[in-house]
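Only one chain is included here, represented as structure tokens and corresponding to the form predicted alone.
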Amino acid sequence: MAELKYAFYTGCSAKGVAPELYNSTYLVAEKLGMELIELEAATCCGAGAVQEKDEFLSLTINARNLALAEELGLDLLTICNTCTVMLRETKFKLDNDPELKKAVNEVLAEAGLEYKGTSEVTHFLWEVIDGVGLDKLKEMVVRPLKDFNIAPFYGCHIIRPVYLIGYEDPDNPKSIEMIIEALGGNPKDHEARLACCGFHSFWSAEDEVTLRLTAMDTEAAKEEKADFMVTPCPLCHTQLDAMQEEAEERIGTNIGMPILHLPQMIGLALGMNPEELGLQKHVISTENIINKITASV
């Protein structure tokens, strides 16, 4: 197996609202043989908000983040769908527009940096499949998730736009299902697996619409009798977990669907304890998952 060493771009959420993602990523990555060198001097990707106000500023911010990875001679790995698309969009635009790249580099030069375009932008989800490999992952499973029906939730930015992402068929992605099966779990198809979580609209203005989306997404998994949903994006997690109770109140229904981060699900199958993976930190109770895991030991 090739060396799995990455420049680790945490994004803001994993060190702010979802520290359990940050911790579980490090634990699982180490177990899988992935070395993460954190880009401690990196800044927020802008999450689309900076881009709407000042696109050149957004490109410069993300070119700086990419330049930090290039200094290490490593590809940049993210654990957030939105960070992935923002960084890949910057790379695409600068790699295809020499004049724009020159203008950005004139700004970066003031900080002693240069964007060259030598580092790729990848996501933890993809590297588990392409770097570690599903066969290796299967070999490492000590606690198969055979008692769990698991509903994948991709989130928008890990599958679209195709010209920036292009990892798999955006209309029928299978990467999360492939990992669930490798872990011995039962992937559950549901109507919302490719839906929007509503995060980017909720935090701007349209809370009524997005809370309905949250309810629809989580109810779709509940209708298929999923034990929990799993997502590769902390923003989707925030919307579906932290806002689920408010969605229940607004819609007048009871859902109670636990939402796990991708590394947490992998960690459970690798034998890690739910507490070290931070399952107790979620808003929607994960007690039933913890009880099943405990009973299987």
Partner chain sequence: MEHFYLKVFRYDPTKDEQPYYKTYKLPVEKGMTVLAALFKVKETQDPSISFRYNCRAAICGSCSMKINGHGTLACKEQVTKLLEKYNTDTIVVEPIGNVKPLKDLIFDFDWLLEKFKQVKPWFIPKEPPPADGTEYRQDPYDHHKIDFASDCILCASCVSECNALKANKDYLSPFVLAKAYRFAADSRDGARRERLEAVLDHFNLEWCVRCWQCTTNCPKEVQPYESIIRLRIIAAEEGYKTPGERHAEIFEKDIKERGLLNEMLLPIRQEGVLGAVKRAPFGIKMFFKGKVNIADFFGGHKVKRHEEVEKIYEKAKEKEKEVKIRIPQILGVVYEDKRKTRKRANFLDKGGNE
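Positions refer to the first chain, counted from 1. Remember, it's a predicted structure, so these values are computed and weren't measured experimentally.
Although it is not shown, the form predicted in complex with its partner chain is what the next lines describe.
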The chain here is shown without its partner chain. Which stretch in 142-150, 125-133, 223-231, 182-190 comes within 4.5 angstroms of it in the model of the complex, by heavy atom distance? 125-133
Of L27, L270, I255, A242, the only residue with a heavy atom within 4.5 Å of its partner chain in the model of the complex is A242
Going by a heavy atom distance of 4.5 Å, is M34 a contact of its partner chain in the model of the complex? no
My question is simply whether D75 lines the interface with its partner chain in the model of the complex - judged by any non-hydrogen atom within 4.5 Å. no
Partner proximity in the model of the complex: E177 to its partner chain, non-hydrogen atom cutoff 4.5 Å: no
Its partner chain contact at Q280 in the model of the complex, heavy atom, 4.5 Å: yes
Are there residues in 248-273 with a heavy atom within 4.5 Å of its partner chain in the model of the complex, and which are they, in order? none
